[in-house]
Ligand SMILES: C[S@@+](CC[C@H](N)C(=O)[O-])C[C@H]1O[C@@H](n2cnc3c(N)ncnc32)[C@H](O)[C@@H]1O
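Presented below, as structure tokens, is a lone chain in the form predicted on its own.
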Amino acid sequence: MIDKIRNDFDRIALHDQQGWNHNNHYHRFLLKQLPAKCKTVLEIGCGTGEFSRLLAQYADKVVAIDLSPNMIEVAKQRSRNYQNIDFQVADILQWNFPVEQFEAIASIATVHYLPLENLLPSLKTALKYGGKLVILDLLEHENLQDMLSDLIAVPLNWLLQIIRNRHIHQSPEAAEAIKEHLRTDKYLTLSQAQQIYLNTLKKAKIRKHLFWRYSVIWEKSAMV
């Protein structure tokens, strides 16, 4: 599975165009959750580095990791003016997490590929006391209320695509690459996410958002 994920994103990176999407729609929200001062921030699944560049404006150093070499290459090309981003090609499950190193750890649309039960303890260890874990990921609906909110998101998505992405013309190759990747994507429901996160991260704030997303905000206290 890991090889497929890497190959999918290597392929998607070749066709990436910068524009509005369901992830960067929440960049400002995520930035507001960060501690006031950050010396070092870790981003897991940085992709083309769009959020990494924002983090670099708030932190002295950003360590940005992605499984896809092509994604990291694009990220480096687009981040030439940012000397405080350390882009790394790595499998986060095999990465050597330092102890109490980061004031913040962020991840966008990545953790649904990972065994959270194994990953979360490593993230807790890597955070300094008072540090923040900030996650945005995709969500599967599980009840009528979820379905109704998804229906509301459809016309809003259509409107924002027209307004914000009118300059983007997706090629057939790009559409096929994304379609192939989404074919095997699987997501948590909100109740599943709550059960997994709260089992490891006491008092984590988990909430559902529009555009098929949920967020997790957790601060590491001295009582952990």
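These numbers come from a predicted model, not from an experiment. Each residue number is its position in the shown sequence, starting from 1.
Below: the form predicted together with this ligand, not depicted.
- The closest heavy atom approach of Ala109 to this ligand in the predicted complex falls within 4.5 Å.
- Remark: Ala59 does not count among the residues lining this ligand in the predicted complex, judged by a heavy atom distance of 4.5 Å or less.
- Taking non-hydrogen atoms only, Phe97 never approaches this ligand to within 4.5 angstroms in the predicted complex.
- Contact between Thr40 and this ligand in the predicted complex is not found at the 4.5 Å heavy atom cutoff.
- Residue-level contacts in the predicted complex: of Ala126, Leu114, Leu120, Ile85, one residue has a heavy atom within 4.5 Å of this ligand, and it is Leu114.
- Using a 4.5 Å heavy atom cutoff, none of Leu139, Leu190 and Ile206 lies near this ligand in the predicted complex.
- With this ligand omitted here, the record of contacts in the predicted complex names 60 to 68 of 191 to 199, 32 to 40, 165 to 173, 60 to 68, defined by a heavy atom within 4.5 Å.
- Along 19 to 38, a single residue, Asn23, places a heavy atom within 4.5 Å of this ligand in the predicted complex.
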